[in-house]
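Here you get one chain, nothing else, as structure tokens; it is the form predicted alone.
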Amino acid sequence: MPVKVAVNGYGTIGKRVADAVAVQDDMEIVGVCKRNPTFEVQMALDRGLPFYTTDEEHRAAFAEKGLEVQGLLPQLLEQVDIVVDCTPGKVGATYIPTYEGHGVKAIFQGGEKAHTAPISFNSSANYKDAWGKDMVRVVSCNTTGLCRTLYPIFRDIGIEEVLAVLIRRAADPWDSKKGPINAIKPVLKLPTHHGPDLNTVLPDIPIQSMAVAVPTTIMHLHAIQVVLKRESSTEEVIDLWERSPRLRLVSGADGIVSTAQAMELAKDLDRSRADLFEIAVWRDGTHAEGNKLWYYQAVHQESDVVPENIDCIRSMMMLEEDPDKSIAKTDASLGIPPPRS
């Protein structure tokens, strides 16, 4: 029997997770829930997704717009094994008593505080930590990006320390409330939360992080310096990444010289919503010398955590014990090429 899944919060991440669940052969999307009757609701109804809302007050707002909902969130939770909470940051934690009261497992997103759930999750780095757990938090888009490139290095070469400088998009492409801004805005609280967040998954990597927000919406860019535990080479590092999942090696020599071209590549991949689930890493922006490594990577903040949510469901529901097999299954369903063997 497929695991029965609900998605609470049908926005940037929620709609992508719902679509990803729908193409798994060991999962079933039972319904999605949203508080307000935005255009996305009609889009979901047109696609045949059973829709629910949070309470009677909001149900009336849906009815006023002629949008039919199946019921309220508690009714949806009665039908499922696990809920993926994709509500706005800091909202998900308020639903914990509701999820516990209905006896369903719950996945939260990186916008929640790390203490929201006992486990923070990345598919490659700590898949088995989520095995059978009731509540797990999938780390943020930026932390997922850091995990994907740093974990293979940590595992096979060793890391003494990391300095990660994040050049962050100011808002998502759809968001007209936060931007545009004509400024470069430093995050003045140092270190930023990204390093400590990485340590919730990989506690043995010493990392410091800084960040600035810039007037762009399409991706984050990371500039990373790593002190390795032994001497390495650019070729060894790139070989590690080519054999690791959910990384896409790109090159300025091929015309991908910025995040604009990286997202143009994503469009040409012809995926739904032009999503780039992989982390884009520049081959010719990677350099290792002695025990030092420098590289650039780009993160599509709207989609890179989606495959992680699918693997997290599989681990929590004990569907597949081998992380590599779960990752391969998820990636095949989403059109993500496998790593080089």
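Start at 1 with the first residue shown and count on from there. Worth saying up front: this structure is predicted, and the values here are computed from it rather than measured.
Just so it is clear, the following notes concern the form predicted together with a small molecule, a form of the same protein that is not shown.
For the three marked residues, Val214, Ala262 and Trp294, no heavy atom of any sits within 4.5 Å of the small molecule in the predicted bound form. In the predicted bound form, Gln301 approaches the small molecule with a heavy atom inside 4.5 Å. Using a 4.5 angstroms threshold between heavy atoms, Ser333 stays clear of the small molecule in the predicted bound form.
For the chain shown alone, Gln109 is a contact residue for the small molecule in the predicted bound form, at least one non-hydrogen atom being within 4.5 angstroms.
Contact between Arg314 and the small molecule in the predicted bound form is not found at the 4.5 Å heavy atom cutoff.
The stretch from 27 to 35, 42 to 50, 64 to 72, 274 to 282 that comes within 4.5 Å of the small molecule in the predicted bound form, counting heavy atoms only, is 27 to 35.
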